[in-house]
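Before any questions on how it binds or moves, here is one chain, the form predicted alone, in structure tokens.
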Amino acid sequence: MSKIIDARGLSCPQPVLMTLDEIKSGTDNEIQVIVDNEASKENVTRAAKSKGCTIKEITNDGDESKINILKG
């Protein structure tokens, strides 16, 4: 089971901060972040990689992107 962070409608840096908080304190090994703009997708992906996480998959559905992150 993965933790889901719904960051739709939020602008950066909020999606990044929510993701980093979950990486730091969450207990789930997998995190799914849902964003609705390209800048948030790129920033969340970059932030997760900088913390040693692996981007398992990114799926795009219209304006939404789902970023599946595995904690490193």
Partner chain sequence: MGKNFFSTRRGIIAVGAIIGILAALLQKLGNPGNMGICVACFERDIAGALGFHRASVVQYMRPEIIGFVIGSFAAAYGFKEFKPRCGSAPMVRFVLGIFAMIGALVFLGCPWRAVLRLAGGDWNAIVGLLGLASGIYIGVLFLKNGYNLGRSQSTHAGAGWIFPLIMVGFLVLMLIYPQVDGENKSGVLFYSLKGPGFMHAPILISLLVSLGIGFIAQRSRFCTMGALRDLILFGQTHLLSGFLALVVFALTTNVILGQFHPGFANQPVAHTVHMWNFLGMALAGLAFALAGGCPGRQLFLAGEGDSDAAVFVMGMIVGAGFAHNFGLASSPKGVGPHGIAAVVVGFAVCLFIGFTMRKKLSV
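Numbering follows the first chain given and starts at 1. Everything numeric here is computed off the predicted structure, so don't read it as measured data.
There is another form of the same protein, the form predicted together with its partner chain; it is not shown, and what comes next is about it.
E38 belongs to the set of residues with a heavy atom inside 4.5 Å of its partner chain in the model of the complex.
Taking the partner from elsewhere, C53 is found to have every heavy atom lying beyond 4.5 Å of its partner chain in the model of the complex. The closest non-hydrogen atom of E42 lies within 4.5 Å of its partner chain in the model of the complex. Proximity of K66 to its partner chain in the model of the complex falls outside the 4.5 Å heavy atom cutoff.
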